[in-house]
Structures are given as C-alpha cells and as structure tokens.
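Given as structure tokens, the chain that follows is alone and in the form predicted on its own.
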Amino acid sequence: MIRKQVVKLLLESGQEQFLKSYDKLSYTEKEIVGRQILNLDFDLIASMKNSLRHPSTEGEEVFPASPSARAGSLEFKETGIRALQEMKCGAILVAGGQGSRLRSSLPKGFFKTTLIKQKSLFQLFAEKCIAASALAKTQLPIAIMTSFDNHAETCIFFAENHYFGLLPSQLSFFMQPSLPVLDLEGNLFLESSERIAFAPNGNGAVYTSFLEEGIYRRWKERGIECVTFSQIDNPLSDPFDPEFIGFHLSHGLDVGIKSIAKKKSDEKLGLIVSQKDGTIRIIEYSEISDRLKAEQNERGELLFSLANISTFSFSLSFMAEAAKTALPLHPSKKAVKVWNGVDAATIPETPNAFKFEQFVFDAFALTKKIETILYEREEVFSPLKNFEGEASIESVRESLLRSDQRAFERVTGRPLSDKERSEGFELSLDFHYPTEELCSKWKGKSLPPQKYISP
C-alpha cells in the first residue's frame, strides 16, 4: 500500500528517478524510507530545484559600509556590565554541525581545543557563561541550537559532563529543522538504506526554532532584552561581551553586527555592505561577485573590507518579528554522503549535491535599526574549520594563547616578558570576565609557574 503512495508522489513531482534506489531496498527499509517520502513537502522541493535552474544573482547596487563604532569604549563596556547584572541578556550558540572537516565523526562542539586542559568547544563556551555569570552576580541564560544530526549526542554530552558547571535551569537546547539534499540534477537521493539525504537548513532557522521551542517566551518573562548570537567553531567568540552588549543597548538597536577588517580579497568571509537607502546588508562569501571581492580604492586597499564573522546581537522583539518572515533558501555545492545501493555510504572527494540553507542575516532587511562595530581580528575571530593548515587547531591554539596573554596583562597591569611570552599556558575563563576581587588579587603579579592558571 505504501509503495503505491510513494510511486504516485514521486511521479507527480518529477522525482521518479528515486524509484531506482527505492526498489533496491528491503521490505522494512521501503517502509522506513516510504514514510519519509510521504512526509516531504514536494512544493518546497520543486522550489528548491527551480532555484538551481535560475540562481539568484547580485542585484541591487551596493556600496562600502563603514562601522558605527570601533571597539575600545569604556562607556559601552560599563553599560553592558550593568545590563548583565540586571539580567537583560541571553546568549545563543549555533552548534548544528559535525566535525567532518576536522576528521571527526562527532559534533563539532566535542572537539578538544584548548592548549593545556584540552577543553572542548562546548566546555569553553559553558565556562565563559559561568565566568560572565560570576561577573554579573546572576545566572545568565544560554540556548544552544543543534540539528537532527547531533541533538541527542549534544544533550547527552552535557549531561554526562554535569553541564560543565552550568545549572540545568540556565541552559536550553533547541533543534533546527533539516531539508532534503538534492543531487547536481536536483533529485532526491539516499544517504543510507534507511534515510533520504537531509542536511540542517542553515542558521536562519534560529528565529522560528527559538520561538517554537518556547525559549522566546521564557526569556521574555525573565526580562531579557538583548540576545547575542555566536557560532561554535569560533573559540574567540564572546557570548557575553559587555562592550558589544553596551553598544547594542546604547544605540537602541534591533541588530548589532560585530565585524573585522578583511585581510585579502579571496578570504572566505561575507561582506557587510551598504545599500542605496543607507541600510546594512550582508552578502555571503559564496555569493560575492569577483568585482566586489577585488575592487580597490585609490590607495590600493580593498574597497569592500568590512567582514562578517557571524557574531550578532538581537533585540528580543526583532527575533519575534523575524520568526514570522519566510527567509529565502540558498543552494550550496557540497560533498555529501550517498548510498550506492550495495555497501555503506561514502563521501566523494568533489561536491556531488546541493544543500539548501537560510541565512540568519537575510532577516536584517526587516529593520533599519542595525549598526556595525569594528573589532581587531585577533580579539574576536579565529575559526576552527580544518584539520590542518589555515583555520586549524594549531592556529586556534595560538590565537587562544595570545588571547590569554592579553587577558593576563590586563588583569595584572604588567606586561609579560619575552620569556613568559614564549611559554605556553592557559587561563581560567574568569580572567576574561574579571571581577573586582580577581583584579585586586592579581594586580602586579608575575606569571606563575603552573601551566593552567586559575584564580
């Protein structure tokens, strides 16, 4: 009975080629996959396939954007600390990805990152929240967005590690939806004998998922006004950066964008640009034209140099408005696991399919209350993308060490010697959110001999 329904749906939707794979399945597998077919939105799939035939192109003319402020404002920092103490802030961490490019089959947040303690990305983030809560003298709320691929593993990982010291009441998990993956001809395919190829639908899902899971309502009832947005693969991201929060609140923003200067034209970072009406727009790096990438000013500098690192702040009311808005889907060529009909699924060396994603910044068109603040790259951005080479664990650990060195110097008020700089060490996250007591205790102190330094 179910096969008749499946065949009818596939034929009517122009996906009849899927029957070749479907007919190779066992009776039980056909039942499992058949139910997946019956639950698909074939109108959406048709729209996805059509977007491959008619890809979007860079349309409206855009102009170089300038930041509204540069990092280093004591006034913003003090405003942000007061907001933390009044518990007006929450943090969202986007962590739906797997660590395949890191040669790991585990969720990316499990990857051991820090120099001495080998803390995972999840532990690093959790301890930042604990340290910020100590500074604020209140328990700050955080929410982690997972995907179908890693939700259960992530929840278990936190529970087995006693939430890394977080109170369970501080922490929420919510899952972004998945969408079918299409092959290069726009067709459905299997990633295993029991599952159609699916992939998470992008970070733009944060608005609807956050609302539908009830976290929006709970945070609103707690008086949260400002929500920060960070990605798991940037260990330098600061979920409760007082200066960034203060910038957002002082300017009365719906959206704040933390930015850096782009180093070179082919760097894989999105661009922050200005439109004719002066509003801010972000273009994903995969959709940037060669003209925008290479255009220079009269001094030979990149004209479009304001780079997006996917660190944002949102007003809670903006998130609710964005959740009501249908965001466009962007296709992206990827190498995706595919079942060959006989053996286990394999991942090819070259892209073989399209994933479709919503971008969180597509919702920014809903508001003109959006501004950018420029930070120094080494303070806020060191992505962990690859097993080796650029954006690898080696470069990340070097960045974390330099960040700890700067934090130690700020707290103690004394510069490190060349010898101290040459030695590897790791700070407790308390040094990155220093209380008055910690600063008083460590003022003028030299670097201690132990490799892991805690208050």
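Keep in mind it's a predicted model, so treat the numbers as computed, not measured. In this text, residue numbers run from 1 along the sequence as written.
Although it is not shown, the form predicted in complex with a small molecule is what the next lines describe.
- Of the residues Lys355, Lys88, Lys119, Lys337, just one reaches the small molecule in the model of the complex with a heavy atom at 4.5 Å or closer; this is Lys355.
- The partner is absent here; in the model of the complex, the one residue of Ser172, Asn201, Gln123, Asn308 having a heavy atom within 4.5 Å of the small molecule is Asn201.
- Using a 4.5 Å heavy atom cutoff, Ala95, Gln176 and Gln231 all lie near the small molecule in the model of the complex.
- Exactly one of the stretches 231 to 239, 264 to 272, 79 to 87, 179 to 187 approaches the small molecule in the model of the complex with heavy atoms within 4.5 Å, and it is 231 to 239.
- Although the partner is absent here, Gly99 sits close enough that one of its heavy atoms falls within 4.5 Å of the small molecule in the model of the complex.
- Taking the partner from elsewhere, Met145 is found to have a heavy atom lying within 4.5 Å of the small molecule in the model of the complex.
- The shortest heavy atom separation between Arg195 and the small molecule in the model of the complex exceeds 4.5 Å.
- Although the partner is absent here, His151 lies well away from the small molecule in the model of the complex, with no heavy atom inside 4.5 Å.
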